[in-house]
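Two forms of the same protein chain are encoded below as structure tokens; each is given separately, as structure 1 and structure 2.
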Structure 1
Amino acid sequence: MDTGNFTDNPTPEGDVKTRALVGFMGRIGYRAAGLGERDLDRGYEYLDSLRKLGGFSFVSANTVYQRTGKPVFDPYTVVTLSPKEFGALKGKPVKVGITSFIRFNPTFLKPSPSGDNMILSNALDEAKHLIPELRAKCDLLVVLAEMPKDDAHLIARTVKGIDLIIAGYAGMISGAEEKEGTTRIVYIGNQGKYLAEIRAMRGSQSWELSQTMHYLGATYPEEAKAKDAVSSVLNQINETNKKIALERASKSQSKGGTLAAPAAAAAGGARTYLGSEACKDCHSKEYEIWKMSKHAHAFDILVQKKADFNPECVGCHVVGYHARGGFEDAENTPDLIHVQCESCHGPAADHPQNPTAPYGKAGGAAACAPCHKLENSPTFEFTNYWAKIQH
């Protein structure tokens, strides 16, 4: 099961990721997912296409049509676990009832294909009539929830019959055992960083539930097949963005412009970054040292890894990403690839004409910090690293 909010950003790249993720979920045996506000933001048709792709249920008890108050998606599903499929089940099958609630958001409103709007109704009100109905159809009743702790506890306290609430909200994690009456509540973090393993033992009266939170860090080795699948998705993202970049480049060329950074900047009057070649004549000593450094080739490794159009990668391997007149993509600003002088010293457009005006204090270690972070440069230590590029 998943608590929802599995939908990525509404961009071509986000779509590739979302579709890959939902596909994986289906393949590794997900039976149901709740929906979160991020998912609903993309509208009904998008979600419905994802549901078909994943081949498992999307449930939401309080996403309803504005006019009728009727649920837009299945309000719940009942999954039957058979002893044949699950050896641990002795004797008769177990029916798991799964529903999902989103925190009440009075401002939420999205069109649906029927011409009516989708809104979020009050989760507690829906729970009051839905839980008894579902309880009668299942052995174990699970609520997936996208809501703060107070709301989850209020539902468990007010509506009897919920065995387990699995919740995702703002990355919260239940470290210690969390209960409300006989209902166990587990907050499972976000971004797929945790797997909540919940064991249910059938007691004579009720279920005994125990939980282990698995932090999916480096101690869990990558599975070869999954790793291949992930790199094929990353390649696909790279290709998608490359195509977009190529289209932009050819459009701007057909308008008579070339977007090569300095030229484009000059044309638009927004000349900011010049590139290292522009420093060579006056700072030949610094230039030669830089040219020998790995910084001067920092983009090549991304090309090799097919990550040269991945926005999650390029920022630290180029000049002035996201800055005015800085790197956009390798097609439109090809002379701003690699880590160049201005990656550390800042945009130099005004400097050559007026070299005595203050420019370019890099500030030592502070100049390295935005890129040499722990995740990307675990062995970084300023004195040693600076010694390799000192100029």
Structure 2
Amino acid sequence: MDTGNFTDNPTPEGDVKTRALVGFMGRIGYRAAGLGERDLDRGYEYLDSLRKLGGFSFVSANTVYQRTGKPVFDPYTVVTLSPKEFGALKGKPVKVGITSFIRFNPTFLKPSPSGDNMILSNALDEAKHLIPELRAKCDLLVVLAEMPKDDAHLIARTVKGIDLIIAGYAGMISGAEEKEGTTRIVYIGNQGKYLAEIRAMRGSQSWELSQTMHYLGATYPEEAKAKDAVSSVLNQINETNKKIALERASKSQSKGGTLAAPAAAAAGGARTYLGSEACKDCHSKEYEIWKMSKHAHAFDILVQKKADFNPECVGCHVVGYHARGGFEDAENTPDLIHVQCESCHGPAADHPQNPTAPYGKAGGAAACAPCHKLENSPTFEFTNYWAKIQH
């Protein structure tokens, strides 16, 4: 199960990732997913196409039509676990009821194909009449929730009959047991970094639930087929963005530009970044240290891995990504590839004209932190790394 907010950004590469993720979820046996506001913002038709692609249920009890108050998606689903599929059941099937609630947001409104708008109703109000109905149809009742802890605890405290609430909100993680009466509440973080393993044992009066939180870091080995599938998706994203960049460069050429246009010309504004070649005449010693460092070849790694047009990777391998006059893409701003002087010292367009003015303090370890994060640079330690590029 998934609590929701699994869709990526509404961009070409975001769509590739979202569809790949939903396809993977279906293949590894997901039975249901709740919907978060991020998902709903993509609209009904898009979500319906994802539901068909994944082959599992999308549930949301308090996403309703504005005029009628009726649910837009299935308010719940009941999954029957058979003894044939799960030997531990010992001859008796278990019915798991799954519903989903999103935090109440009175400002949310999204058009739907029916001509009515999708809105979010009060989750507690919906739970009061839906939980008893679902309770009568299942053995184990699970609520998927995208809401703050106070809201989840209020629902569990007010509405009886919920065995388990699995929630995701703002990266919260349940480090210790959380309960409201007999209802277990588990917050599972975000971005797929954690897996909550919930074990359920049927007691004489209620279910006994235990949880184990798995941080899906480097200690878990990669599965070969999954790794190949992810690589295929990343290559598809790279090729999609490369095609867009080439089309942009071609249009620039047709207007009299050049394929290797400087950053300012490609961005259509004043030049703010100069590139390290502009630094070497006055800072030759520092330039040579940089030239011999891995920073000077940082973009080559992306080319080798076919990630040179992947926006999640590019920013840490170029100069001024997403900044005015900074790197746009390898076709339109090739002079700003690699981690150059201005990546740490900032745009230097005004520095040559006024070299005595304060400029260029990198900020020590803080300047490295945006890129040398635990997930992509697990061995980073400032003192050792700085020794390799000290200047």
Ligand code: HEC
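Every value quoted in this text rests on a predicted model; they were computed, and no experiment measured them. We call the rigid core the largest set of C-alpha positions that still match within 1.5 Å between the two forms. Throughout, residue numbering runs from 1 along the sequence of structure 1.
Here the form predicted alone appears as structure 2, and structure 1 shows the other form of the same chain. The chain divides into two rigid parts for the movement between structures 1 and 2; Glu223 belongs to the part that does not contain Lys255. The rotation of the smaller rigid part against the larger one between structures 1 and 2 comes to 13 degrees. Look at Gly360: with the core superposed, its C-alpha moves 5.8 Å between structures 1 and 2. Shown is the Cα shift of Val319 between structures 1 and 2 after rigid core superposition, which amounts to 3.0 Å.
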